[in-house]
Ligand SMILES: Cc1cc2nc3c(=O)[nH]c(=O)nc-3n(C[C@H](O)[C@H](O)[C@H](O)COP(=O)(O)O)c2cc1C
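Take a look at this single chain in structure tokens; it is the form predicted on its own.
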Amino acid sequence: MADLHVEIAGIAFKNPLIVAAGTPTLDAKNMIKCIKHGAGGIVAKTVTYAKIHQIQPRPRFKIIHPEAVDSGFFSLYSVELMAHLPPEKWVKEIEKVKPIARQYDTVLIASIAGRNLEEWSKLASLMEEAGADMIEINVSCPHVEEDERSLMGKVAGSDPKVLESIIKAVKESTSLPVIGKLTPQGANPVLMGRIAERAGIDALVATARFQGLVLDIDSMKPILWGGAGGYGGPWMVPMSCNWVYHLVKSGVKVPIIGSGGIMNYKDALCFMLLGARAIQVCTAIIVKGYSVIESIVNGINEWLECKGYTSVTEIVGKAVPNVLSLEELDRKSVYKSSIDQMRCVACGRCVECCPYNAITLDGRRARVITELCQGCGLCVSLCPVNAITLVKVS
């Protein structure tokens, strides 16, 4: 078995999978499930003094395109808020989990969200006293509209001065390593990541979900709970990977934890190959159950063994040099589309969609007008029967 150990801000993780703060860690019972299914770390659901965020709207979950959960092209739309208990009672949940986390060698991370600097400081101290190994500052959620005077969630995560002040207040209140979870909503994660590093953050998570608003056109009202919510899913992986890559390229030195739509070991590996030291998973557990934790960890291990790597740390950032700049993109090679007449069903999709009018439909056969074909590859992607290939001619 490959060595899956990773280190983040001086803390050793037995494997790179961290369960993100959310429904899978909503109480001690659920956190223990994550631990027993093999997570390297868990982030407890975010604790706050804001009572409005302790009471969950009902209903609050909607899977957009549920038929695509297995194929990976769905979205999770929800308005799940924060820990249901006030901080002084939430401490008991952390205390229940701590001995189990120690027994299974799992890192226990407390997630906090204050409305002002005093609350941020108080929560950090409280969670350290409860036994947390690390602190994560939630400057990415909630996804609902928030009072702009409050130093909470994406409002805080998109304001450089506010973010810097929160980090400094938390760092002064705890001796534990502090992680910052970046928002992609209304902020540049690279800019905010560099500001967070300058302010003393010990690690970064890139990135949280987006804010979404799903409308029912007949009633002209937002569905279910009636307002905005978090919107994410496996379609986020390329975007979140892009932020990880750019954080690495920008020179950020603190460890980066990849997050955003990870559903399987391949998604996890993409983040790590682009520079993430570890990954956070939440949506996959919500829609597939806790066994997906083991599936992802085992998949990473099997891939490493298959490729001949002895340690997961060997692959961190390995793909970064392979990402081409705009100037380096191939503009000289010539490609042409080729249609397999035995496969083609003459559906006409390629004819309708070709931006260069390079495909015609002749009876029951689609044909390429070679001199017009630009080799863009759109028809290859759209063909429902995989009858079209792209051939390099020079």
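Predicted, not measured: the structure shown is a model, and the values here were computed from it. Residue numbers here begin at 1 and follow the sequence given.
If you look for the form predicted together with the ligand, you will not find it shown, but the lines that follow are about it.
Asker: Can you pick the stretch from 261 to 269, 303 to 311, 91 to 99, 215 to 223 whose heavy atoms fall within 4.5 Å of the ligand in the predicted bound form?
Answerer: Contact criterion met by 261 to 269 only.
Asker: Hey, in the predicted bound form, is Ile195 touching the ligand, heavy atoms inside 4.5 Å?
Answerer: Contact check for Ile195: no, nothing within 4.5 Å of the ligand in the predicted bound form.
Asker: Give a yes or no for Val178: in the predicted bound form, does one of its heavy atoms lie within 4.5 Å of a heavy atom belonging to the ligand?
Answerer: No, Val178 is distant from the partner.
Asker: When the contact criterion is heavy atoms within 4.5 Å, does Ala278 count as touching the ligand in the predicted bound form?
Answerer: Ala278: no contact with the ligand in the predicted bound form.
Asker: With the partner left out here, check for me: in the predicted bound form, does some heavy atom of Leu81 sit within 4.5 Å of the ligand?
Answerer: Answer yes; at least one heavy atom of Leu81 falls within 4.5 Å of the ligand in the predicted bound form.
Asker: Kindly confirm or deny that Ala21, Lys45 and Thr283 each have some heavy atom within 4.5 angstroms of the ligand in the predicted bound form.
Answerer: Each of the three qualifies.
Asker: Name the single residue among Met152, Ala208, Ala110, Leu204 that comes within 4.5 Å of the ligand in the predicted bound form, judging by heavy atoms.
Answerer: Flagged contact: Ala208.
Asker: Which pick from Leu76, Ala156, Ala130, Ala124 sits with a heavy atom within 4.5 Å of the ligand in the predicted bound form?
Answerer: Among Leu76, Ala156, Ala130, Ala124, a heavy atom within 4.5 Å of the ligand in the predicted bound form occurs only for Leu76.
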